[in-house]
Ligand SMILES: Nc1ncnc2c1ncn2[C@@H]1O[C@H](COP(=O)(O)OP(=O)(O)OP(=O)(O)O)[C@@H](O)[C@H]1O
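To begin, one chain is listed below as structure tokens, in the form predicted on its own.
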């Protein structure tokens, strides 16, 4: 779309594994993101979320498809285009300790970004470091400390400050609160909400915690085995999920009330290996609503209740025989 900051078209990321086998980590993903918008990317471990995030920022290879950021073709961009991408995007990683150089103080880590990207004159670097630390809720007096002398929450704030040093238009946050205590998680989420509003940041938030995603994100994309199976406004996806996999994820959200108990029909089994993705809909071996067509044909996106859903359940009934539409319950 013309007003999109980021456009991803049929993106594929494949890797060669042992014995020449192909891992299809990202297998045809399409979405767009507008300036200031937050997209939550959710799904089970191994579904391709982190690989997708890294590919968007050219931190990993692209096998096929197109990624366009603010007019830059990330896949085929020249050196100048990739340099611009580096100046206008940033990533926040899951492990706040490993994301920072243990030999550098957090102040030096932020200074390094400012120097490389020449965001401020040399004489302003120290003052800018202090500004960024205050922006993320860190006392400037901590600038001389190394990551090992700080808590996990403080290190993650330092990582966010370092990401903000490039004054990005887009940040990809990859499980950035997963390793933190619940109370610290809430502080970091509140910080991201505040920064998003203040700086008009676009954010792709990769997470397992659906409660956090619901609070932070404008839209949600649900991934399964390298593909987005449902995408829509956050409230639409959470309040009225369409895809059977999305419904299972929503049922699995824990309830505070102990009397509610566990879901009566939890999703069984494990996702198939990306080395051997099932024919047709990849979810069909675990789907309670599987039909014969699910085993043969890859479902295409259809708009249902404001959401884009890749599921044969929502096909026009006139295009399939009654036999194909008859559900099979194992």
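It should be emphasised that the depicted structure is a prediction, and the values quoted were computed from it without experimental measurement. Residue numbers count along the first chain shown, from 1.
Although not depicted, the form predicted together with this ligand is the subject of the following passage.
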For a quick test of understanding: in the predicted bound form, does each of 15, 23 and 46 have a heavy atom within 4.5 Å of this ligand? yes
Given that the partner is absent here, does residue 215 sit within 4.5 Å of this ligand in the predicted bound form, heavy atoms only? no
Do residue 299 and this ligand share at least one heavy atom pair within 4.5 Å in the predicted bound form? no
Taking heavy atoms and a 4.5 Å cut-off, does residue 115 contact this ligand in the predicted bound form? no
4.5 angstroms heavy atom contact with this ligand in the predicted bound form for residue 50: yes
Please pick, from 208, 119, 87, 126, the one residue with any non-hydrogen atom lying within 4.5 angstroms of this ligand in the predicted bound form. 208
Stretch in contact, per heavy atom within 4.5 angstroms of this ligand in the predicted bound form, of 291-299, 64-72, 23-31, 278-286: 23-31
